[in-house]
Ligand code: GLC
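Shown here is one chain on its own, the form predicted alone, set out as structure tokens.
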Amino acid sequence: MLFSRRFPFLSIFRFKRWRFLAVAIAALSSILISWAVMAQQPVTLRLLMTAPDAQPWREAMVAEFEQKYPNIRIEVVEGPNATNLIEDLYTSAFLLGDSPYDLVNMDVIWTPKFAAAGWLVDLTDRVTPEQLEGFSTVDIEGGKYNDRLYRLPLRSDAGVFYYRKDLLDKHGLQPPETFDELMEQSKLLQESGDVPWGYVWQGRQYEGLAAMFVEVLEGFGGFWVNPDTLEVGLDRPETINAINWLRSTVSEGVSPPGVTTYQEEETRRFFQSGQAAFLRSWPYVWPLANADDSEIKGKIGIKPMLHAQGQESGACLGGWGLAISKSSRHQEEAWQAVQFFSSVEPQRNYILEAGYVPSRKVLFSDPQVVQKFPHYPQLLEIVGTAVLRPPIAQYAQASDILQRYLSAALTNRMSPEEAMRAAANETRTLLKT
């Protein structure tokens, strides 16, 4: 007591010290409680996709994922219908430096560009070769850049050759294997009055033109760009032969003159209305052509794309897969989502709900899938012949060059030789820079 009376400031000091400790403990407790609450809050992963795909995703995929992983939520952002606009939105977000998207829903042709720019997480060491064996080989290749894996395939896609089975059966014909056989059978069916036109394909100047041409080029033994050496093959004889054959379908009256303005839907409606015997398109045509209101329901068959005599066919690979944004703050949760969405059971549900083509090989012969889509075993054969568009970082620019000059050659604004010399030179200049 005497000490306290002589030094009263010490009592005040003790009181202030204890009050400070009490406040600090209270603040720390508040922080710990906040952390505990935050730890219990689910992580939200965002991804952008085309509007038509969003609803099937939510119904067939997201609900199942969130039930299995209650600590993770998936926010599907609906974008435009056009895939090139989705690519632009992803690109803009990445260029801003802090993309709001954790998962990246990617068209196969985006992989080189996005990976080369450093926008994606390298997944190579996260999966084993045994795990990758369950996927189509070419789908896995479509997710690589410089031998590193950046994207796991979610759904596949490949160019399909459609034919009127009923008309071929009527004349005792087998489906054509070569480009020459296609021309012969088309003319026979036209002359017999069965169809006004033989063959329709996508000839408008857009990405679909490049996809279609990759198949014809492969069928003539040519190539566009060798990704390993960056050699350009557009001015080689095989390329000129491929263009001349496409031009001949119009000049010889097998394809309608307007085919050089057609995209997928124009050709699909043309074929589905019974105006053509043969069609090059994608798997999405099958359920539409076999719908109850279709004039050709039950009358069509499918097979791999055709080829020149002595060559092999190739179907252009399409399809979508999932990657992880390098700027994501939730990369481990995003990896859980990628693994789940690319696994067998969710893919099966997605296929049954939306009718897409699987990337898992086992699903092409899955009893549930085949019961609903009996043509899927044939699709596996087609996917097995798939070829990639050049997996180069400058693909978008290279495709633009090809589209411009190929369109000029097909519409007789330039000769094939002149057009492809110019296309090859511009492509070589692009690759050097």
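Whichever C-alpha set is largest while still superposing within 1.5 Å between the two forms counts as the rigid core. Numbers for residues come from their place in the sequence shown, where the first is 1. These numbers were taken from a predicted model, which means no experiment stands behind them.
Although not depicted, the form predicted together with alpha-D-glucopyranose is the subject of the following passage.
**Student:** Can you tell me whether residue 313 touches alpha-D-glucopyranose? I mean in the predicted complex, with a 4.5 angstroms heavy atom cut-off.
**Tutor:** Flag for residue 313 set to no.
**Student:** Look up in the predicted complex whether residue 109 has a non-hydrogen atom within 4.5 angstroms of alpha-D-glucopyranose, and give yes or no.
**Tutor:** Yes, residue 109 sits close enough to alpha-D-glucopyranose in the predicted complex that at least one of its heavy atoms falls within 4.5 Å.
**Student:** Although the partner isn't part of this model, could you tell me whether residue 335 comes within 4.5 Å of alpha-D-glucopyranose in the predicted complex, counting any heavy atom of the residue?
**Tutor:** Taking the distances in the predicted complex, the answer for residue 335 is no, it never comes within 4.5 Å of alpha-D-glucopyranose.
**Student:** Would residue 83 count as touching alpha-D-glucopyranose in the predicted complex under a 4.5 Å heavy atom rule?
**Tutor:** Yes, contact at 4.5 Å.
**Student:** Among 313-321, 251-259, 299-307, 359-367, which stretch has residues whose heavy atoms lie within 4.5 Å of alpha-D-glucopyranose in the predicted complex?
**Tutor:** So the stretch in question is 313-321.
**Student:** Looking at 340, 223, 282, 101, which is the one with a non-hydrogen atom within 4.5 Å of alpha-D-glucopyranose in the predicted complex?
**Tutor:** Checking each option against alpha-D-glucopyranose in the predicted complex, the one that comes within 4.5 Å is 282.
**Student:** Tell me, out of 198, 143, 219, 208, which residue has a non-hydrogen atom within 4.5 angstroms of alpha-D-glucopyranose in the predicted complex.
**Tutor:** For this set of options, the contacting one is 208.
**Student:** Heavy atom within 4.5 Å of alpha-D-glucopyranose in the predicted complex: which residues of 375-395 meet that condition, in order?
**Tutor:** Sequence-ordered list has one entry, 389.
**Student:** If you line up the core, does residue 86 shift 2 angstroms or more at its C-alpha between this form and the one not shown?
**Tutor:** Comparing forms between this form and the one not shown, the residue 86 CA shifts at least 2 Å.
**Student:** Under a superposition restricted to the rigid core, does residue 400 display a Cα displacement of 2 angstroms or more between this form and the one not shown?
**Tutor:** The answer is no, as the C-alpha of residue 400 shifts between this form and the one not shown by less than 2 Å after core alignment.
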